[in-house]
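A single chain, nothing else alongside it, follows as structure tokens in the form predicted alone.
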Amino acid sequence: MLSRFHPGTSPALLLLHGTGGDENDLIPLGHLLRPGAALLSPRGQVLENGQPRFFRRLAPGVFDEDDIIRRTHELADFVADQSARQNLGKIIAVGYSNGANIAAAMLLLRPHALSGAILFRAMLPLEPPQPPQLDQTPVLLLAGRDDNMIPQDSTQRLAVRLEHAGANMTLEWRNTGHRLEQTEFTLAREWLDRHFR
């Protein structure tokens, strides 16, 4: 799997780009959110009209669940391997859009792969076959009220699933669309500082 790795302190940040991004996109955000932290940034292995993604979709907002399951386990295995090689310790996912959705799938399918997650513009990627045990795993979900790519009810359902699974869940609705705003980065950094000193 193509990726970039920046050595640094624990907890490490797993940076997961949106559709059309690559392993370089979120490196500056990683440095901003947690200066000096180790950064692991893989590239999605699925191409949609030449644009990298982490899993297939059949149409906008309609996901290939079999592919989500396979790709989620592949990503979780890759992260576990890199964590062992680089001695990363705790790993916090930071995902945007498609990257946030596969991070959410990791929480639902491989709950012990992550120590926490910041999900920018995520929706419920799939219904897990059985509820995971998230044991107070901190999760920050930042959603846009005017996001025309993600149905609000799907974001809300994701938050409910994670909370019912035991996550320490924070859902923040912002008066914005699918694009991210600087104020959200500040909020995410403060959240990280509170939960991972």
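Numbers follow the displayed sequence, beginning with 1. This structure is a prediction, so every number in the text was calculated from the model and none was measured.
Not pictured, yet referred to below: the form predicted in complex with ligand MLT.
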Using the partner position in the model of the complex, report whether Thr176 sits within 4.5 Å of ligand MLT, counting heavy atoms only.
no
Taking the shortest heavy atom distance, is Arg57 within 4.5 Å of ligand MLT in the model of the complex?
yes
With a 4.5 Å heavy atom cut-off, would you call Ala159 a contact of ligand MLT in the model of the complex?
no
State yes or no: in the model of the complex, is some non-hydrogen atom of Pro128 no more than 4.5 angstroms from a non-hydrogen atom of ligand MLT?
no
Please determine whether each residue of Pro7, Ala37 and Ser83 possesses a non-hydrogen atom within 4.5 angstroms of ligand MLT in the model of the complex.
no
Just give me the single entry in Ile69, Ile150, Leu29, Met169 that has a non-hydrogen atom within 4.5 angstroms of ligand MLT in the model of the complex.
Ile150
Ligand MLT in the model of the complex: contacting segment from 61 to 69, 37 to 45, 161 to 169, 135 to 143, heavy atom within 4.5 Å
61 to 69
Checked 89 to 113 against ligand MLT in the model of the complex; residues with a heavy atom within 4.5 Å, sequence order, are Ser97, Asn98, Asn101
